[in-house]
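Just one chain follows, in the form predicted on its own, and it is written as structure tokens.
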Amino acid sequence: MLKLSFLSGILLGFASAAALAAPDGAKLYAQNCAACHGEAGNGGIGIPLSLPSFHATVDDDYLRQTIRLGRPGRVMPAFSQLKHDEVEAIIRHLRSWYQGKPPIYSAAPVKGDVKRGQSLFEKHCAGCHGANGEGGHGTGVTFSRPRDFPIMPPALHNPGFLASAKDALIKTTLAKGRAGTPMVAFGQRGFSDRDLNDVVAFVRSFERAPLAGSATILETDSAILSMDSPHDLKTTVENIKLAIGNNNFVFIREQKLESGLVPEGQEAPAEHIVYFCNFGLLNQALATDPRVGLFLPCRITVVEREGKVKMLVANPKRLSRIFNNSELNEMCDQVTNMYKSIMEEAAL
């Protein structure tokens, strides 16, 4: 009896140690997911994850693969840095919002008529998910999405989604819909089993025809664009102000770089920053991805070191990579060229 008690104590100690060592799913979710999906999983930039209708139609493997692969070019990054047990802990936390049992799907492909499925998709799905399954434009933030969409329709023509969702999961979602979102239950709207299979076959066919640029993130070597000025600091700043107007921007203000960061009068005299804006471009940028606001208004920093003046500006092309949003690519490229044009003109 004493031996059994002693053994039980050891086993209990091991169990307690394992529990203490297990990753905290709630904490990991708060660190990696809550900013987009909401602290309680009610959505925001990302889709809501706490809906019972979501949990009832997605299996654990879908969650696992989605965390690992993300959605290239569609805001959701790939969390490849998370360890296996950390991913599992996040999944357990997500499932704590659901009282039922999650589904388990077969990996067997669904067989259907792709051409017929395309016709059904164009009629019933393209209005939300896009003509080519590219998903809605913008993010889930109110300003950037159409007012009649409470959430942004996800991209189905995306390598991250297609690698994460089994055919059976797509079919079940089509049949049952997602209560609490615009996704209706087509199984209750006259879709036959054949109809469901054909749409799934069409969606799966996206793997054979990737959308050009839809999952492309701009590549860039430097986070900072810099250019030397042949003029002194004061002349360079004045030249920048003129160049701003010539490039359809509005001058906002000029100040010493350290203004507000150190006591007044103690700012470094040879470090200035010039703020400016193009309000039409600003509106377009925020409508594409409101997170761009973190980097606005536009600004160029001018510093003088040992008689040499340099102009520096954050490289807009980095935004596409930081935000994992391929919709920003063209705009980031455009603003990068504008910044270069302003600095080149100021250096004349």
Ligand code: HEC
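The first residue of the sequence shown is number 1, and the count goes up from there. Values in this document were obtained by computation on a predicted structure and should not be read as measured data.
There is also a form predicted together with heme C; it is not shown, and the following applies to it.
Hey, with heme C in the predicted complex, do Val292, Arg305 and Val335 all fall inside the 4.5 Å heavy atom range?
No, the whole trio is out of contact, none within 4.5 Å by any heavy atom.
Check each of Gly245, Pro210, Pro109, Pro182 and return the one that places a heavy atom within 4.5 angstroms of heme C in the predicted complex.
The residue in contact is Pro182.
With heme C left out of view, which of Pro154, Pro103, Pro159, Gly187 would have a heavy atom within 4.5 Å of it in the predicted complex?
Contact residue from the list: Pro154.
Counting only non-hydrogen atoms, which stretch in 227-235, 247-255, 273-281, 87-95 is within 4.5 Å of heme C in the predicted complex?
It is the stretch 87-95.
Using 4.5 Å between non-hydrogen atoms, is Val114 touching heme C in the predicted complex?
Output for Val114 is no: heavy atoms all beyond 4.5 Å of heme C.
With heavy atoms only and a cut-off of 4.5 Å, decide whether His124 touches heme C in the predicted complex.
Because a heavy atom of His124 falls inside 4.5 Å of heme C in the predicted complex, the answer is yes.
Is the gap between His37 and heme C in the predicted complex 4.5 Å or less for some heavy atom pair?
Looking in the predicted complex, residue contacts with heme C include His37, since a heavy atom lies within 4.5 Å.
Given that the partner is absent here, does Asn32 sit within 4.5 Å of heme C in the predicted complex, heavy atoms only?
Result yes; Asn32 sits at the interface with heme C in the predicted complex.
Quick one: which residues from 56-80 get a non-hydrogen atom within 4.5 Å of heme C in the predicted complex?
Going through 56-80 in order - heavy atoms within 4.5 Å of heme C in the predicted complex - the hits are Tyr62, Leu63, Thr66, Ile67, Arg71, Arg74, Val75, Met76, Pro77, Phe79.
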